[in-house]
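Take a look at this single chain, the form predicted on its own, given in structure tokens.
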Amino acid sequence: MTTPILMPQLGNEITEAEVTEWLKAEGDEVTEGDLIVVITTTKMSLEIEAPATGVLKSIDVPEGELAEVGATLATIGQP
């Protein structure tokens, strides 16, 4: 089973954000609540937490890239 890490809705007018920094790498073990990635908009910077415990299986949006609200940033799976 896998769990996606999704770009959250950050406000009514914000439709995308930049992935600024990955705090974990592919293959790292993560625990629900761990800080995983930093995203930035023109108005704020936000750290996103892991929604589940497991292994960071894939990073779908690399640092420096924009992602739309609802996009899958990465995937957490079982070890």
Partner chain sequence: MPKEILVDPDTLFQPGELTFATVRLHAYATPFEDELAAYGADALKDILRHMLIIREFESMLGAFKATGAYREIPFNYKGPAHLSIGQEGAAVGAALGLEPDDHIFGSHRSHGEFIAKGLATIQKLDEAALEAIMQGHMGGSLRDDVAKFIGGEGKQLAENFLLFGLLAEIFMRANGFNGGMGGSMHAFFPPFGAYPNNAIVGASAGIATGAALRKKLRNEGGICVANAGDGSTGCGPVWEAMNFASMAQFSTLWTDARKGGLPVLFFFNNNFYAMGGQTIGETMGWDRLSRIGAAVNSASMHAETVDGSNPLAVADAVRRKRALLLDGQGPALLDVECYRSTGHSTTDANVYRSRDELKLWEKRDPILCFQGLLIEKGVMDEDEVAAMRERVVATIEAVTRAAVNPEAAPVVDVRSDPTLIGKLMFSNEEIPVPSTPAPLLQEVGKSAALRQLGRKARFGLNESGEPLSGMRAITLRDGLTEATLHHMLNDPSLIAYGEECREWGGAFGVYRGLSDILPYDRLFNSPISEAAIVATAVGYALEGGRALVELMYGDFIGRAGDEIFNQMAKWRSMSNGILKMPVVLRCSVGSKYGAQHSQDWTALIAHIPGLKVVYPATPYDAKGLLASALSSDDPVVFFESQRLYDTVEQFRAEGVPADYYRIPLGEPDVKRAGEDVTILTIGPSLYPALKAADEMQELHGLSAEIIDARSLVPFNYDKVIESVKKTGHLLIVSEASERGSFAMTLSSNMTRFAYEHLKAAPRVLGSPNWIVPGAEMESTYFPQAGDIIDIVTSDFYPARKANRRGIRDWDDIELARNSL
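Numbering follows the first chain given and starts at 1. These figures come from a predicted structure and were not determined experimentally.
Separately, the form predicted together with the partner chain exists; it is not shown, and the next lines address it.
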Checking 55, 71, 66, 59 against the partner chain in the predicted bound form, the residue with a non-hydrogen atom inside 4.5 angstroms turns out to be 66
Inset, instruction - Using a 4.5 Å heavy atom cut-off, state whether residue 42 contacts the partner chain in the predicted bound form. - result: yes
Checklist entry - Does the partner chain come within 4.5 Å of any heavy atom of residue 47 in the predicted bound form? => result yes
Taking the partner chain in the predicted bound form and a 4.5 Å non-hydrogen atom cutoff, the residues of 14-41 making contact are 16, 17, 18, 20, 21, 38, 40, 41
